[in-house]
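First, one chain by itself in structure tokens, the form predicted on its own.
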Amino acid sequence: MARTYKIVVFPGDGVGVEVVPETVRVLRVARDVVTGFDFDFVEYPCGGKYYLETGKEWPDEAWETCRSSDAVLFGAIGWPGAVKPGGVLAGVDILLGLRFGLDLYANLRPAKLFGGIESRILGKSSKDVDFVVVRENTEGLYVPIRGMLSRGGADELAVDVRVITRKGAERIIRYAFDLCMRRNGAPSDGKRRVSCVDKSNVLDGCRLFRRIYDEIVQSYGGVERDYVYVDAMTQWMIRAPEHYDVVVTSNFQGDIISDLSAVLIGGMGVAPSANVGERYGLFEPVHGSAPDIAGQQKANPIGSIISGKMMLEWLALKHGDKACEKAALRIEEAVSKVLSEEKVRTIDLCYGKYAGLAPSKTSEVGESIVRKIEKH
């Protein structure tokens, strides 16, 4: 009997309400073509715009629905003027609440350059860029241990506490090595390699992180160890992306270098991500809500669609579901074919040799990917 997966859908703000429907459409078509599994999509409004309209960031029942779901598909958060008391952007607590509340300890940010996208880095092609940043997602600088000292109406001191624990480091580093064992190695030499990115020459938290990395690497004989200081990583990742296979690092550092990796693959519009733990998974494009282009059909849905593909891969691995694995492959092949034909692309990819191409609408990109899946 086919398994039905309960997927909570949060389109969110801005362009999220344009790219997420295209993702759901692609997922449904892949399901229909492959067969062997099904979806039960449950959609909720959320975010800054919803907050301005209702005084809430999301409906009251949304949290419990997430806890009873198989996965969460997310769009984007942020809307002009939607700020909570204390200056917090309305909607941010949803994402952070889900990450911490569902213990989504691993943030996965693939950096894969598809053929048909011109690299912004001179001399690099799709043969050079295929690595994953594995970022710890529940501690580091983003733990809510912070405060401000104000005296006489002036803010004088701000404190943010960075937390690195043995448990947090062990499980994210082990996740990175297990992921590496399922991949095909670095583009440059085919070697399985996990690069530990830290600032252990200065920070005690990073020294602990690297020590734990050295302990865990002993259990993975087929994986090459690699060390990079985070500041050096910002230039080596651009100069020699082909060297990297899996990159593991702490929360704040991973946030920065994973955004930088988008430069290698064509920009934020094609950058996907996954936030996963032992029980739950949340999948979202990396780009924000982009209110300046919201409602104009200019947003690139590929980052969101590939995030949906990652959701299928995660469900396949978690449940041993070969049908989900096959559907994920269909989606990636369809995206690759659409881009390689060099005809259909949103405005963010119309640069370099594609500068003269008439930009496609968000829905036109989604439609082209759907057609490729159907005709496979």
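Counting begins at 1, following the sequence as shown. What you see is a predicted model; the values in this text were computed from it and never measured.
Keep in mind that the form predicted in complex with ligand IPM is missing from the display, and what follows is about it.
> Give a yes or no on whether each residue among Leu95, Arg99 and Glu284 has a heavy atom within 4.5 Å of ligand IPM in the model of the complex.
Per the other structure, all of Leu95, Arg99 and Glu284 touch ligand IPM.
> Just one of Tyr142, Phe131, Tyr213, Phe177 has a heavy atom within 4.5 angstroms of ligand IPM in the model of the complex, so which one?
Selected residue: Tyr142.
> Find the only residue in Arg193, Arg109, Lys112, Arg171 having a heavy atom within 4.5 Å of ligand IPM in the model of the complex.
Checked against the cut-off, the match is Arg109.
> What stretch, of 122-130, 199-207, 298-306, 87-95, brings heavy atoms to within 4.5 Å of ligand IPM in the model of the complex?
Only one stretch qualifies here: 87-95.
> Examine Asp103 and determine whether its closest non-hydrogen atom to ligand IPM in the model of the complex is within 4.5 angstroms.
No.
> Asp255 versus ligand IPM, in the model of the complex: is there a non-hydrogen atom within 4.5 Å?
Asp255 belongs to the contact set for ligand IPM.
> Using the arrangement in the model of the complex, list in sequence order the residues of 115-137 with any heavy atom within 4.5 angstroms of ligand IPM.
Counting only heavy atoms within 4.5 Å of ligand IPM in the model of the complex, the single contacting residue of 115-137 is Arg135.
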